[in-house]
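Encoded as C-alpha cells, the following chain is the form predicted on its own, with no partner shown.
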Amino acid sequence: MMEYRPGEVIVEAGSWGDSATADILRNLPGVPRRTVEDAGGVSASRDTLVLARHRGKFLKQCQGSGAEMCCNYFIASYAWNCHFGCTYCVLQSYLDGSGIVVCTNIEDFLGDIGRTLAESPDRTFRIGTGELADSLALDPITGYSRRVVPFFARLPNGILELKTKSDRVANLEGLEHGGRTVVSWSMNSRRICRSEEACAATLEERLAAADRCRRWGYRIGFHFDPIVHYEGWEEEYREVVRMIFSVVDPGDVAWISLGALRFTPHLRERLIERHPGSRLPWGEFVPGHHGKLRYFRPVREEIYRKMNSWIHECAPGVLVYLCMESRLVWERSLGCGVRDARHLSDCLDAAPLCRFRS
C-alpha cells in the first residue's frame, strides 16, 4: 500500500485554533507548511494536505436515498479526496487534481451527528465516513478514529461504518467501541486490485487487517463494488470469497454488499483520458439509473446470483444486499430476501448488533 506523506501542508488561518491541527502537524514533522486566509480558494495538487474548517452540515443522506431499494444510509465526511487514485473512482470527476482536505473542527463534526441523532431517538442511523475519502487511509496522521469510535459507542441509535481499502487499523486497537462500529473493506478480484487499485492495500493486507479488527471485537463488512465483468471473472471473484471466510468467521460479518461497475459518461471519458491502459471503460454498457452507464441487466443479475451463491456456500446466514439496484434485479438475483426498502434498512440496522454462527 502506498503511504501518504504530503509534500506540503496548507493551514487555513481559522484552523490554527483547533486541537486537531496541532495533532496532525505533530505527525508530519519536517513537512513544509504555510497559512492561507481561506482554503476554499486554494488550488493544490494531491500531494498537498489542506487543513480547513468545514462551515456546513457534516451529516447528509446518501445520494442513493429515494431509490426503489435504498438502504437508508447516511454520510458524514470529515475529509475529501484520496491518494489511492483507483482508476474507476468517482472522485476524479470533481476532485481530481485537488489537494486532500481534512476538516479540523472535529468537535463540530461530532456535535452535528449527536444533535441529529438526539432529535430522532427512535430511529437508527447507519453512518459511513468513506464516501468522499477513505475512512482509515489517513488515520495514522489524523488519529480521528480515536475520537469517532468511542463517540459512537455512547450513541444508542447510531452505527458507524469505517470503509477502507487500506490496512491502517492500528488506532482501533483498545478503543471502547460498544459493538457500534463496523469496519468494512472494499474488495475486488486479485486482477482488478492489481490493475485498477494499484496504490491501495493488497487483498492479503486487507484481510490481515480485517482479522486484527475481528480479534478486537469489531463487526466486519465487505463491499464488492465495483464488480467487473470480464473473461474468467467467476473463478477470480469466487477465490476472493473463499479467502475472506478462510480468515473471518461468518459470525463476525455484519454485511456484504454487491454492486456492478457503473459510471457517468463524464467519468468514463476521464477514465479513458487518464488511465489509457485500463480495460474498464470498454465493456458493453447501457444508460441506467441516474443516467449512469451499466452492464445489461441480465449480466448484472448473473453476477449477483453467482456471488450470492458463493458467499452463502461459505456463510449461509450472512446478510447480502445490492447497491443501487431495482426491486426486479433483487428478486431475480437474490430471491425474496427483503420485502422493500424499509425492510432492507431494518435488516441492516440490526445486523451489527446480532451475531450468528453458520
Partner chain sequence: MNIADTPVRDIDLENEECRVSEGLEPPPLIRSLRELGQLNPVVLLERGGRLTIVCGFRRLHATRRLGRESVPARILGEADFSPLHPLEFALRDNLATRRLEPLERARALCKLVETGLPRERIVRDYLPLLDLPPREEALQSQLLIDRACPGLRRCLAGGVLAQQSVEALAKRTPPLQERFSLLVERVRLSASLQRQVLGLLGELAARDGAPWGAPLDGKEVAAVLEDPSLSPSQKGERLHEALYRLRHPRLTRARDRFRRRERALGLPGSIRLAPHPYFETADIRVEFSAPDAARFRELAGELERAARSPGLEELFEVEGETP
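Numbering follows the first chain given and starts at 1. Please read these numbers as outputs of a predicted model, since none were measured by experiment.
The same protein also exists as the form predicted in complex with the partner chain; that form is not shown, yet it is the one meant from here on.
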- Non-hydrogen atom within 4.5 Å of the partner chain in the predicted bound form for each of 70, 126 and 147: no
- Message: Considering non-hydrogen atoms and a 4.5 Å limit, which listed residue (286, 247, 170, 199) is close to the partner chain in the predicted bound form?
- Response: 286
- Message: Using a 4.5 Å heavy atom cut-off, which residue among 143, 259, 158, 281 comes into contact with the partner chain in the predicted bound form?
- Response: 281
- in the predicted bound form, which of 26-34, 44-52, 296-304, 309-317 comes within 4.5 Å of the partner chain (heavy atoms)? 296-304
- Query: Quick one: does residue 268 come within 4.5 Å of the partner chain in the predicted bound form, counting heavy atoms only?
  - Reply: yes
- How about residue 223: is it within 4.5 Å of the partner chain in the predicted bound form, going by heavy atoms? no
- Message: Taking any heavy atom pair closer than or equal to 4.5 Å as contact, tell me whether residue 229 reaches the partner chain in the predicted bound form.
- Response: yes
- Item | Contacts with the partner chain in the predicted bound form, stretch 194-211 (heavy atom within 4.5 Å) | none
